[in-house]
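As a starting point, one isolated chain is supplied in structure tokens, in the form predicted alone.
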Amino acid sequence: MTTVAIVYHSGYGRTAAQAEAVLRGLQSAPDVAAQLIRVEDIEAHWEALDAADAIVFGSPTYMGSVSGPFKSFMDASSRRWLQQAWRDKIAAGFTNSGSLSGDKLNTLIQLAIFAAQHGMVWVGQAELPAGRADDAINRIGSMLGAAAQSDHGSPAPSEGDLATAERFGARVARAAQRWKRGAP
């Protein structure tokens, strides 16, 4: 069984909706057990992250960066960094912001660097952009991770962004399974 943890922060519920879509994608792969972990609950879940074969990081983009609560989680992971507890695990990331750009790329870069500092192996988005309509797959054109846009006041990202997140989760599941089979 391949295990995957999704650790995320959601200030308004929209990034949580994206996390749930990633979870559906992960669970669509056979022999994958996945769980959602809110950064607010991290103290009870450090061992689950340590034991996971893959960790998917998710944060809204606030002011061109990860949210404050997610950054606090990153800083709190320094003991894991020192122990190299996440070395050679698969890592991936997703983000959501209110505007179409919202500087989401910077957030994904921040997540990828965070994973690299932990010695993790990053998996990016493989879905080619299929247009700009709200129901289009990867309509934002992000390749480093899954990116979504939510209008202010909307309960969730667009249908296309959620479908993209689900496909992204399935990709991460397949990558984690392949990595685990070939891992020393």
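The shown structure was predicted, so the numbers you read here are calculated from the model rather than taken from an experiment. Note that residue numbering begins at 1 and tracks the sequence as displayed.
The form predicted together with a small molecule exists for this protein as well; it is not shown, and the discussion that follows is about that form.
Quick one: in the predicted complex, does every one of G11, G64 and G102 get a heavy atom within 4.5 Å of the small molecule? Yes, the whole candidate spot contacts the small molecule.
Taking the small molecule as it sits in the predicted complex, is Q110 in contact with it (heavy atom to heavy atom, 4.5 Å or less)? No.
Applying a 4.5 Å heavy atom distance criterion, does S142 contact the small molecule in the predicted complex? Looking in the predicted complex, residue contacts with the small molecule do not include S142, since no heavy atom lies within 4.5 Å.
May I ask you to check whether S150 falls inside a 4.5 Å heavy atom distance of the small molecule in the predicted complex? Within the cut-off, so yes.
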